[in-house]
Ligand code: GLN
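For reference, the chain that follows is the form predicted alone, supplied as structure tokens.
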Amino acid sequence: MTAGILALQGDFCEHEAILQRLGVPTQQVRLPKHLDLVDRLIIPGGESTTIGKLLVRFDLLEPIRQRAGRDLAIWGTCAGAILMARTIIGGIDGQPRLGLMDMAVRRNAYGRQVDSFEAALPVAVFGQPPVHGVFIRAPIIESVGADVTVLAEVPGQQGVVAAQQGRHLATTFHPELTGDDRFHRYFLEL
């Protein structure tokens, strides 16, 4: 298995470092020919409108959508989770997106950069200890369809912060910024 990391913008190097520590071959994806080499794809945090525009510019949007329906598991973190959503709340009209998961995501749901925070997240599929969530200008998943499984919520707050639909995963926080590789291992098993 080769895990791809979309390397157009954002914190792709951090995901790549965790995957390499786990002994998984990686491929930075910048062009359609790179996408052909991978079995998994991580769409990192960054700026969702910029990543969406770059997906269009480098002719990756449609190839990713086509493979997602067949043989490609995809995980979006933060901005990547926004791009995975069918509905983007607070987005720009016509904002490019993959639209692969039946969920509505609100951009910058917690506020500005100064409102970023960290939280302990209970994730039932992992058991104890809780996952350390790093939220930087984070989105929130406001609603999910019937086929979407909720994996985590911030205790005491409204909204979902981790969800799964089939072989697709979305987290509104940054697991790649902690030493906890449980979400990466979970994604590799999808």
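The first residue of the sequence shown is number 1, and the count goes up from there. Just so you know, these numbers come straight off a predicted model, no measurement behind them.
What comes next is about the form predicted in complex with ligand GLN, which is not displayed.
A.B. asks: Run the contact test on 5, 40 and 74 with a 4.5 Å heavy atom cut-off to ligand GLN in the predicted complex and return yes or no.
C.D. replies: Negative, none of the three is within 4.5 Å.
A.B. asks: Is residue 63 close enough to touch ligand GLN in the predicted complex, meaning at least one heavy atom pair within 4.5 Å?
C.D. replies: Judged by the heavy-atom cut-off of 4.5 Å, residue 63 is well away from ligand GLN in the predicted complex.
A.B. asks: Going by a heavy atom distance of 4.5 Å, is residue 82 a contact of ligand GLN in the predicted complex?
C.D. replies: Contact check for residue 82: yes, within 4.5 Å of ligand GLN in the predicted complex.
A.B. asks: Is there any non-hydrogen atom of residue 153 lying within 4.5 Å of ligand GLN in the predicted complex?
C.D. replies: Taking the distances in the predicted complex, the answer for residue 153 is no, it never comes within 4.5 Å of ligand GLN.
A.B. asks: If you check in the predicted complex, is residue 101 within 4.5 Å of ligand GLN, heavy atoms only?
C.D. replies: Flag for residue 101 set to no.
A.B. asks: The chain here is shown without ligand GLN. Which stretch in 133-141, 30-38, 118-126, 161-169 comes within 4.5 angstroms of it in the predicted complex, by heavy atom distance?
C.D. replies: Heavy-atom contact with the partner occurs in 133-141.
A.B. asks: Judged by heavy atom distances of 4.5 Å or less, which residues of 162-176 approach ligand GLN in the predicted complex?
C.D. replies: Sequence-ordered list has one entry, 174.
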